[in-house]
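Here you get one chain, nothing else, as structure tokens; it is the form predicted alone.
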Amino acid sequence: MGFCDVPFWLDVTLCCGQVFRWERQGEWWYGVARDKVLKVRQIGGRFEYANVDAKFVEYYFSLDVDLQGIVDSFNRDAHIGKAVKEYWGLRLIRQDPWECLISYICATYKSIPAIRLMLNKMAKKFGEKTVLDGLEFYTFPECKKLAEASERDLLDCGLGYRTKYVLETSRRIWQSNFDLESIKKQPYSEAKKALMDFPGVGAKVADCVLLFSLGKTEAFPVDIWVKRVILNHYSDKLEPELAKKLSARDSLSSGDYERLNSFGRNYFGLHAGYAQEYLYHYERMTL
């Protein structure tokens, strides 16, 4: 158990689309992080946790970062100001890079409930079972387990065409003993390029993994929601031809992605990824 004396909003942090395998039971949230099952809850200003120590909780929920300083660095217009005011306390979770990578490969063109179902099926089939408060949980599969999995087993988990990407990426990482953590030391552009070398990892997946697990807060993932935010509130800052082109179609080409990604990083700065998450959640909740 413990107290949280820094700005933090647990529910929003867990519901804003950055993690997929947390579930609520009554007042408590239960989740699996790396090899640990933990439960957390927040009642007023009191933040409580169990089955892990304070150091783990502080690191996992980024309670050790200066949220006010981060927000001050990008809170430069009325719209982002509204998003921050509405969801103040949202923090980026420091996910395990391996789980984050596979999760976002699987997340392509899927809803959050569908992603959760897919990942839970994989964990149940290939992970290790553990029990907390009489509830069963499964750790995320180790790289070796997925590298040695059959296509049929992964298809049974609902991966569909993503099966080949998960298999190929898992095998490449396992066979080469590639250390995802080592990417943290690389500059953003080099780290992104390294991730995009893996099957199934495009620009958006790479940006999500960099932002949510590798400490690159300048990463600015762009999806349809973020595109909508930019067109609705920042189109005057884009080239007129680009804004017109983006407004005329729903999909995003790779070139469109890079332009919007570049805009986000240049406009919001070093912590553009935090700005993105506030804007993304605000847009989805106020539709």
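Numbers for residues come from their place in the sequence shown, where the first is 1. Just so we're clear, the structure is a prediction, and the values are computed from it rather than from any experiment.
Not on display, but discussed next: the form predicted in complex with the DNA.
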*Full three-residue contact with the DNA in the model of the complex, heavy atom 4.5 Å, for 72, 94 and 97*: no
_Among 111-119, 138-146, 182-190, 85-93, the region lying within 4.5 Å of the DNA in the model of the complex by heavy atom distance_ = 111-119
*asked:* I'd like to know whether residue 43 contacts the DNA in the model of the complex, with contact meaning heavy atoms within 4.5 angstroms.
replied: no
*asked:* Can you tell me whether residue 171 touches the DNA? I mean in the model of the complex, with a 4.5 angstroms heavy atom cut-off.
replied: no
*Close approach of residue 225 to the DNA in the model of the complex, 4.5 Å, heavy atom*: yes
*Decide whether residue 203 counts as a contact residue for the DNA in the model of the complex under a heavy atom distance cut-off of 4.5 Å.*
yes
*asked:* Between 166, 214, 107, 80, only one gets a heavy atom within 4.5 angstroms of the DNA in the model of the complex; which residue is that?
replied: 107
_Option touching the DNA, based on a heavy atom within 4.5 Å in the model of the complex, out of 249, 34, 244, 55_ = 249
